[in-house]
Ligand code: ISL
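In the form predicted on its own, a lone chain appears below as structure tokens.
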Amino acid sequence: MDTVINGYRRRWWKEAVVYQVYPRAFYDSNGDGIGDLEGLRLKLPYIKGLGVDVIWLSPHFDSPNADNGYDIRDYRKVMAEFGTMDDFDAVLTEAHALGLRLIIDLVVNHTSDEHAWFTESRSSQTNEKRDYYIWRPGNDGPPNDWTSIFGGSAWTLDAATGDYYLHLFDPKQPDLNWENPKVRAQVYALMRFWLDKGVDGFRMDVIPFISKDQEFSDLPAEHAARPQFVYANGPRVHEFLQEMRSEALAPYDTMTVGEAFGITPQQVPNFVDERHGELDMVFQFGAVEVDRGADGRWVPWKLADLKAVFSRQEKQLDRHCWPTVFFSNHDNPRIVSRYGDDGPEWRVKSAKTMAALLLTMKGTPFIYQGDELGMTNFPFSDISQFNDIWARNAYRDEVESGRYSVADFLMNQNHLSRDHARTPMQWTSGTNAGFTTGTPWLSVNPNYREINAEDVGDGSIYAWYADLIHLRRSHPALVYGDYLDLMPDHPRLFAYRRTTEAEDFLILLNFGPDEQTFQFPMNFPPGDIVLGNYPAPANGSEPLRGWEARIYRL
């Protein structure tokens, strides 16, 4: 019989803390300038030291790297730059020996255009793999006005056959045709291949995109700037995900988390309600979109908007649904630069405050590599410094078209670029931050001499993360407890409770350098401070100092 806490069925992935590894930028073991699987294996004790439970490994498959591994050429082969299948097996074996589970990326909305399926598909209109992808004849141009998420048309003309193929991302990432049952069978077979190896689940890239409306109508005007809301949640997506569960996942004890790009908060329960047999969790993007305008460009953010994300989530997800919590990943800038203050005075304190929010909020928390060190955004000053295809396409669309100046482009990218998260991990104060003995594939942040993994002792951001993870694991209320925002409109103070019948926690977070006072209501004693990023005050009701985090047990 299932154990239930506060109305939730206990599951290991609900109680887990996940650490994301972007292998290209993690640790280079052979001096070629590119992180690799052997580098990850060597650093497993560092990850284990945080107290996390799961590693999410970003794509490690064979790829020509048009989109840094999210364009897969062979799903059953390891990217040569990362090593061999033996290296992957060694990582998996040693991770399990340390008590760490491992989930991998599942990228099956699209493949690389160098995948054998697509090579065969484009060879002729009558080839048996033709229907593995989405081909349409043109009409004096592309079949419709769909645009790529990366910019430009979502259709590319294939001169050899005269048809257009669909790619919701780069032209080198053609979309698979999930209407074809043979495609779905191939996907389920490759999932079983990795599950039989022993992986513990999947993070599923843009999984709501797999079902397309077969009418392929033009974009509604209101979605022209954000077409993901048209591409996601197609008519058969739930049928496909339920089939995936029964055909590939059901025999295994897995963790599945979908990237819910284009899914509205109201639609999330349709994907994660445990009674439906689809996904365990999804990544919602409300928290990482508080600083994005309707056109996707950066705008100043407000704490009240961030708070509203979690209050809305609490209302919309019932006891049959489970959330995730994240503030950064390989597609988003650094936490401390985005939400905190990455200057020398407040970087450590604000990084700890954001960590407290991440690890005391309801949902499975995801830590991105380097955030446990307080790594910051890179100071980009020229387009040549960017590797990301999205940034380079944006330069073409925004600057070369004359819509924005170079200064405007750099301002926007310095707030939002995906490359901020992809600069090499800062291990030491030595050459190239100890990431490689060669030339790094992407420049190391110049602040690596001050910010690196040589500082993981008492008082460090790393040690604070470890303390928070231990606290979360020790108290079910910090996992399964109800969430209540006590001051939703306060511009600087984030105050909330996490409660079960057995436990009650109050979390106070000061989002700024000035003191903030929390007025304890009558019959609401301050309780004991069980963890804080300052020395405990003499009186638990004293004002919070700059960027202070306090966790009370009431």
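Given the structure is predicted, the values throughout are model-derived calculations rather than measurements. Numbers follow the displayed sequence, beginning with 1.
Not pictured, yet referred to below: the form predicted together with this ligand.
Note on the interface: of 265-273, 417-425, 154-162, 353-361, the segment with non-hydrogen atoms within 4.5 angstroms of this ligand in the predicted complex is 417-425.
Distance criterion of 4.5 Å from any heavy atom to this ligand in the predicted complex singles out Val206 from the list Leu166, Ala394, Ile367, Val206. Taking a 4.5 Å heavy atom cutoff to this ligand in the predicted complex, the contact residue among Ile383, Ile149, Val78, Leu471 is Ile149. Each of Asp67, Phe285 and Trp390 comes within 4.5 Å of this ligand in the predicted complex, counting any heavy atom. In the predicted complex, this ligand lies within 4.5 Å of some heavy atom of Phe261.
At the 4.5 Å threshold, heavy atoms of Lys307 stay clear of this ligand in the predicted complex, well away from it.
In the predicted complex, this ligand lies farther than 4.5 Å from every heavy atom of Arg245. The shortest heavy atom separation between Asp331 and this ligand in the predicted complex is within 4.5 Å.
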